[in-house]
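Form predicted alone, single chain, as structure tokens, below.
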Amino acid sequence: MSTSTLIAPKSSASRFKIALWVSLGLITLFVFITSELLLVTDYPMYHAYRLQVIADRHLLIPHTLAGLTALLAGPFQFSSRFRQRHLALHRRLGLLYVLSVFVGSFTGIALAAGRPGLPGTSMQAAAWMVCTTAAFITARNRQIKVHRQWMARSYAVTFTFVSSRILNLWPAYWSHLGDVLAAVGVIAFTLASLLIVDLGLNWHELTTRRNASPAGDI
């Protein structure tokens, strides 16, 4: 009886992790096909944006490489099995992740400079750097539980580079309202991602009522 009690939660958590990463992977694949692949093939709706991407390539290339590095490093960093078996590599990947976040943030701000999307990009970059810095500091201080929480928030912001591109499927996004929607969309996706992560981190406390102690604690 006690054995099944101990195994069940772990098994349930493992299934949730697998389902989560599979879902994120499918979303990434969907966005890649409907956004990036069509951009490469010069899809008519993306033609003007394609020309802008070509013009911005000197900043866009390091920005994209940094974002992809952070995105792909995430699944390994959150794997308990990988961390236990390859702790030194986990730490090196962590430093690479931090470096990628800062490169991606500053190049993103530079790309948005002088454009209507600057406020949204700056807010996203600030949230990305703050969460990542907090994750780095708590890791250095060996506050591992808190470190994992901040890493979850940081990766949530990382994934907004994928999730916010869902707006590309909305025709109005490419109309005269595109710049406004881009700024609002980035801010909305960033805040929503952080909120969802925090709800997940505190789900047990939100759904479990604590029994009152004999001393009468509320």
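Keep in mind it's a predicted model, so treat the numbers as computed, not measured. Note that residue numbering follows the sequence shown and begins at 1.
Unshown form predicted in complex with a small molecule; subsequent notes refer to it.
Chemist: Has each of Leu68, Arg115 and Arg165 got a heavy atom lying within 4.5 angstroms of the small molecule in the model of the complex?
Modeler: Contact check passed for all of Leu68, Arg115 and Arg165.
Chemist: Can you pick the one in Val184, Ala192, Ala152, Leu60 that has a heavy atom within 4.5 Å of the small molecule in the model of the complex?
Modeler: Filtering the options by heavy-atom distance leaves Leu60.
Chemist: Pick from 115-123, 73-81, 137-145, 88-96: which stretch has non-hydrogen atoms within 4.5 Å of the small molecule in the model of the complex?
Modeler: Going through the listed ranges, the match is 115-123.
Chemist: Going by a heavy atom distance of 4.5 Å, is Gln52 a contact of the small molecule in the model of the complex?
Modeler: Yes - in the model of the complex, heavy atoms of Gln52 and the small molecule come within 4.5 Å of each other.
Chemist: Looking at the partner-bound form in the model of the complex, is Thr34 within 4.5 Å of the small molecule by any heavy atom?
Modeler: Outside the cut-off, so no.
Chemist: Might Leu111 be said to contact the small molecule in the model of the complex, defining contact as any heavy atom within 4.5 Å?
Modeler: So Leu111 counts as contacting the small molecule.
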